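Before any questions on binding or motion, here is one chain by itself as structure tokens, the form predicted on its own.
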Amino acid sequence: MNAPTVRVLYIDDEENNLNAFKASFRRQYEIYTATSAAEGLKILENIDVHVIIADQKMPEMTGVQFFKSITHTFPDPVRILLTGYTDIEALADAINHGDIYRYITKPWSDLELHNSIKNAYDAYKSKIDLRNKIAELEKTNDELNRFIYSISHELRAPLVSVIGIVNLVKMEDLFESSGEYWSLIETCSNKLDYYIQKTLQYYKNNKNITEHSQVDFRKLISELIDLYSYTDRETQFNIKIDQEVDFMGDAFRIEVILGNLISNAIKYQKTTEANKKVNIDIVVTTQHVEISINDNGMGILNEHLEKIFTQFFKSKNHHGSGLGLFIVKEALNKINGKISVISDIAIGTTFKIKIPNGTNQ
């Protein structure tokens, strides 16, 4: 097999060095030369170069300065610096910032320079291969997410019908007519519906698009409590909302965040607790909204507090998909929000959230 064509650009204001380089390497590489940084830039704009070699000491712009100037416009070519004197600070700064791959002292050794170009090209190929693999993985991941979303969406339609039939059975007082069968069907249906909803939330939250709209926290909290409290009507809610100013934000993600936290606050109440309660405090300012959701439920062990936002993490005492709090954290990351938690297994759990107000953006 033919060896790949390696395109090398060498920039040096001394033509003798350019000619010597051409004479030494013209059979091994496709070589382009320039006597100034400006001339080298024109070549880069027209030729897909793999390796750039530049002399450090040039009259208009040093090699390090040239490499820094093309970092964003031409990030792929691997850069080698030739220097006839030692400028430790400039070299260290360039290496630390990734502006150069390697430096070689002048006069160069043909073998050392040849090996450096070969290694630089290998680094270039690795960089491009990695980028292509990442793009391929992202495409595959997106296709998989779309497939999961489609399947989940299609599953939910017949599941809603099953839940509807169970509710009709309840309305006709036939729920107890077949022993525990209807109860088992209801439990399994609700659990499956919960997992499907979490899957749909996960997919929608993964999309990078954010849509800002006005959020009325009084209305939103009321709707979420009505939605989730059907599982435990004994839980009492104490709500304090101070919203005297408009709040603009990603309504979908805010609903997902609060919905998961309110659902958990209800779900993880102690079965022996006679006075189940959830306190929700919300203060909206022109800068942000601060939300506190506190419950007197079973609490979270200290050693688990750092893990609860990890995907699929579930402690022995907590049932669920292990996705809820992960989705909460991911949604907050998308809207530049923050979350903290304190918990005591004897007292309960408090989540505190801070989300920027988009009205001043």
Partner chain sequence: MAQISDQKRVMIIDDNEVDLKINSKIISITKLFDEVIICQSAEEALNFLQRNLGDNQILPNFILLDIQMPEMDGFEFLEHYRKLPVSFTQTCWIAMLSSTLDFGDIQKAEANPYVVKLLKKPLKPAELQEILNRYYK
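Heads up, when I say rigid core I mean the largest set of C-alphas that superpose within 1.5 Å between the two forms. The shown structure was predicted, so the numbers you read here are calculated from the model rather than taken from an experiment. Positions refer to the first chain, counted from 1.
The protein also exists as the form predicted in complex with its partner chain; that form is not presented, and the subsequent description refers to it.
A heavy atom within 4.5 Å of its partner chain in the model of the complex is found for exactly one of Y268, F237, Y124, Y149: Y149. Checked against its partner chain in the model of the complex, the residues T210, N167, S109, Q287 give one hit for a heavy atom within 4.5 Å, which is N167. Looking at 130 to 138, 155 to 163, 237 to 245, 71 to 79, the stretch with residues near its partner chain in the model of the complex, meaning non-hydrogen atoms within 4.5 angstroms, turns out to be 155 to 163. Contact check for L200: a non-hydrogen atom falls within 4.5 Å of its partner chain in the model of the complex. Within 4.5 Å of some heavy atom of its partner chain in the model of the complex lies at least one heavy atom of M171.
Among heavy atoms of E255, some come within 4.5 Å of its partner chain in the model of the complex. Relative to the superposed rigid core, V169 undergoes a CA displacement of at least 2 Å between this form and the one not shown.
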